[in-house]
Every structure is written in C-alpha cells, then in structure tokens.
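Next up: a single chain in structure tokens, the form predicted alone.
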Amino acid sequence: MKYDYLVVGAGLFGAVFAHEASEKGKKCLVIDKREHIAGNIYTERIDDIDVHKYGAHIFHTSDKKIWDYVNRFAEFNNYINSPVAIYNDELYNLPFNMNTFSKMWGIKTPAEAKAIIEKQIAELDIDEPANLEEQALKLAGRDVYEKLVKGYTQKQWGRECKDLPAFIIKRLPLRFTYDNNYFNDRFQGIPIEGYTKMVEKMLDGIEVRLSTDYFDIKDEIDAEKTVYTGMIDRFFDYKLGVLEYRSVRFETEKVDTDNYQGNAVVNYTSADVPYTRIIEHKHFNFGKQPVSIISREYSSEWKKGDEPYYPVNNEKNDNLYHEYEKLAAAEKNVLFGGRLGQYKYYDMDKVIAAALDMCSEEL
C-alpha cells in the first residue's frame, strides 16, 4: 500500500501531524517502537487511577489557539500544579514564593523576604557567574540555593553544581506573593480520561502499527515522505557522534492507603535521597480510590538502549546537533520534528504548536 506520509512516533508531535494530514485527505501510516501510543505522555489505567508512566505531565499554555485545539480531543480538569519540596525534615512550597520564604525565615512580608535575599547575594560578592552554583547563588542567595536547588540539581544532572554551566539556570523565579501555582500560564489542566485517550482521538481512523522499529521496516514502506520524531543522531547512525541526554528510571508501586503524601508532586531536594521526586498519580485527577499508586523518579546518565528524556543542551551538544541539522536539511523527503528529532526540550503546548507549524508549511 502506498502512503503519503510515514509518521515515525505515535507521540504528541506525530499524532498531531497525522491528524492534520488525514484531515487534508492524506493517507498516513503511524508507527511506534513501543507497544502503546502517546509517547511519554502515555497514561495507563491501574486500579482506576491514570498512571503517568513516564513522569508527570501537566498541560499548561497561554496560547488560546493551542488550548482550544487540545480541547477538541479531551475534556480537561482544573488541576493546578502546586508541588512541594522536602529538605531533610523541612517542607517548602514551590515555586519559591512567600510561603517558602515565610517557612524558611519566619517572616511575613515581601519586603522582609527581599531584604534577606539581597543581603545574602551582596555578601557573596559574585561578579560574573562562572558556573551553575554561582549563578543560582547570585539569583536567590545561599539559603534557597543550599536547601532547594543544590541537591536536586546535582541529582537531576549527575554532576556537582560547580561543574555545570551557568546558563542552565538562566533565572530562578522568585515570587513575592502567597501563590503556589507553579505555572504562570492562563490555561492549565489534565485530561479527565487521561492523555492516552486524547491521543487515541487524534489518531482515530488512521492506521497505526505498534512494536514496530522504523529501522527494521523503513525499506518496506512505500511513502512519499517520512515525518521522523525519533533521535536525529540515530537516524544518521551516529555518524557525527552521539548527542547526550539525561534519562529517568521509575519505581512504581501500589500502596495500601487512600492518600500517601497529600500532593501529586513532592520533590526531594537533599542530595542524600537518591530519587528526585515522588509522584502520587491519583491527585492529578482528584481521585477518591481506596488505594494509591506512587512513582519514585531516579535521574541517570543516558546510554544507548536507554529511553532518552532530556537533551543536554550545552554548547558541545548544540554544536553537534547543528551539524546533524545540516544533514537533515539535505533529506528532501524526510521531515524532522519533536523533542528528539529537533534535540530540544519542549513543553506539550510547544510540541503541538511546532507540529501545527510544520503542517501549515507542508500541507
């Protein structure tokens, strides 16, 4: 059978492209090497709880066009992301706000909080930050850095903060209000039926083959063009070198309680706690189930065969990606998209916007 588009990857980018192409009368085949659709936003129903199998995903955007688009495929709840952080025996609200500062220093007013932070920054006397540690200290002062940034960042990147480049923390949002909403976006929520159902609706009526590796079948599919959302360096058989990623390992378990931690997301910022955070999935949809499902997240260095999660966008990797980008531009019948195809960390709304932009240009 002949197809207009072979779409490699049934994640959000591939699903949006396939849906839009199909709407324009194009014949698409979507393949994915995993045994399920929806990529990293896949949710699995366990004990009537939608479990985010590849980490917490909260949809948020300020773009009404994108918000209206996703609402064509799902009804969203009114979940507001309000994570908390545990440092030793202390618990703090995130993002850094007046609740955080009040707990940390026993103060009540924005003026008091600003004065403490400014005094700490002045005492450090950092001119031009040479690394992430100095950058964070110059932005937030010693207390916030030591308790809420240092250990968590070390675990996230697998390196000491002083060994990481300053640009990774371009800014640390300090919010001098008692507002625990992590995002500033106008629209926010999670699909009531889970992300998998949302992607199912996007792919309705489109041929999908799962447990299918592109590199095993690419010569067998007759398609005018390919939309490739996998790793760009893998597409070119790593001929210029291997791009770096951070990976994540999840330990998921059912706990015999209706409420394990009282919040969907709890970060553990001490370096001596091996995981970065615990997700309690039922709280994303205000669940009342008699049991709960939790996932501990462990950040790790990516190696071939692991699942790539976060591009390591330092100067070395970005330069290498740009060389791959030149090779990609020479591929006349292949379009590269998504987090892996464009070696870029994307929020979900930005993935959809990028896919729709590609559709506008291509279709």
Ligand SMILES: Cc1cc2nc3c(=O)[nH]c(=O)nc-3n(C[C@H](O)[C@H](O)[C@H](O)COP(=O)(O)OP(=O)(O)OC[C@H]3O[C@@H](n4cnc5c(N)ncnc54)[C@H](O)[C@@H]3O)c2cc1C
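Note that residue numbering follows the sequence shown and begins at 1. Quick caveat: nothing in here was measured; it's all calculated off a predicted structure.
Keep in mind that the form predicted in complex with this ligand is missing from the display, and what follows is about it.
- Interface residue remark: F167 is not counted as part of the site for this ligand in the model of the complex, having no heavy atom within 4.5 Å.
- The closest heavy atom approach of K33 to this ligand in the model of the complex falls within 4.5 Å.
- Interface membership of D347, defined by any non-hydrogen atom within 4.5 Å of this ligand in the model of the complex, is confirmed.
- When contacts are judged by a 4.5 Å heavy atom cut-off, H19 does not count as touching this ligand in the model of the complex.
- Stretch 212-220 is the answer when you ask which of 130-138, 212-220, 113-121, 82-90 has residues with heavy atoms within 4.5 Å of this ligand in the model of the complex.
- Taking L320, I58, I294, I66 one by one, only a single residue has any non-hydrogen atom within 4.5 Å of this ligand in the model of the complex, and it is I58.
- Contacts between stretch 298-335 and this ligand, counted in the model of the complex as any heavy atom lying within 4.5 Å, involve Y309, Y310, listed in sequence order.
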